[in-house]
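The form predicted alone is given below as one chain in structure tokens.
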Amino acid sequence: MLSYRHLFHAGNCADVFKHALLTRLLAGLGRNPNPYFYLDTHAGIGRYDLTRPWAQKAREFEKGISRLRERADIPEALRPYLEMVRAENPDGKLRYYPGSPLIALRLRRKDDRMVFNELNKSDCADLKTLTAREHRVAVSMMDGYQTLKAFLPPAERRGLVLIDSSFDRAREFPRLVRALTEAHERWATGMYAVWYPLMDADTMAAFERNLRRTAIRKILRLELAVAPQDQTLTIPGSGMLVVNPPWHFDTEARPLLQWLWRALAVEGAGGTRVDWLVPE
């Protein structure tokens, strides 16, 4: 469990998909003047140096963020996310990639409160260094799913929980459903964004079936596949479930994901999906 390091994958297609949607969700929260709470259950280190050996090993960022930076047809909804990437690289060269904590910090207002959690000890230390001077920001080190019990419901009564497990152990999908169900029981009005990899058809069908059996309503499903589903170890894409999404988020997300698919897909493989897994 503790062997996973996101630096191997930073800036890849899954990161682009996840962080583009996260930016839009946080922007939606920011349109309301009241403070919000943000919990990142599997936060990582916050900023990734793409020149490090781990990132250079597979160079996954070349098939992700690198393909977007120089395009002239960037949709307006994607610009804030890409501006954050550019802000980390003022000389114009792609070296640093912002993780979800850094994206959240750049969109935070002065009264918004945030908790970033990371179980790995060294990664947690890096995250604490990155956020040391930030007001109303806490860093914890515990199992990501335990944070749902420790910090929910928040005093702010509105906010977003990002659940972004590494999926590096068996039976992660059932564990995720249980954790989301328990969190929703504690804080039914909160917004939850749950990232997951696209895997074999049987696994995804069981995941969908188990979610439909819960009492959770208003589950929006968003998926982006950029490679064909085959029998290799390659994961073709990823998805995100959003519980209690902002008004018309599905309408906003459809053209955004279509643009990303055209920019990132391998020879037109894969596709996108935006639908209500569980309606209101």
Ligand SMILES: C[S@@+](CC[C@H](N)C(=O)[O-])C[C@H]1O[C@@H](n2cnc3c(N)ncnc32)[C@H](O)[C@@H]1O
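Numbering starts at 1 and runs along the sequence shown. Given the structure is predicted, the values throughout are model-derived calculations rather than measurements.
There is another form of the same protein, the form predicted together with this ligand; it is not shown, and what comes next is about it.
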{"property": "Location of this ligand contact in the predicted bound form, chosen stretch of 72-80, 108-116, 206-214, 161-169 [non-hydrogen atom, 4.5 Å]", "result": "161-169"}
{"property": "4.5 angstroms heavy atom contact with this ligand in the predicted bound form for residue 43", "result": "yes"}
{"property": "Contact flag, residue 94 vs this ligand in the predicted bound form, heavy atom cut 4.5 Å", "result": "no"}
{"property": "Interface membership of residue 190, this ligand in the predicted bound form, 4.5 Å heavy atom rule", "result": "no"}
{"property": "4.5 Å heavy atom contact, residue 143 and this ligand in the predicted bound form", "result": "yes"}
{"property": "Sequence-ordered residues of 99-133 touching this ligand in the predicted bound form, heavy atom within 4.5 Å", "result": "99, 100, 101, 117, 118, 119, 120, 123"}
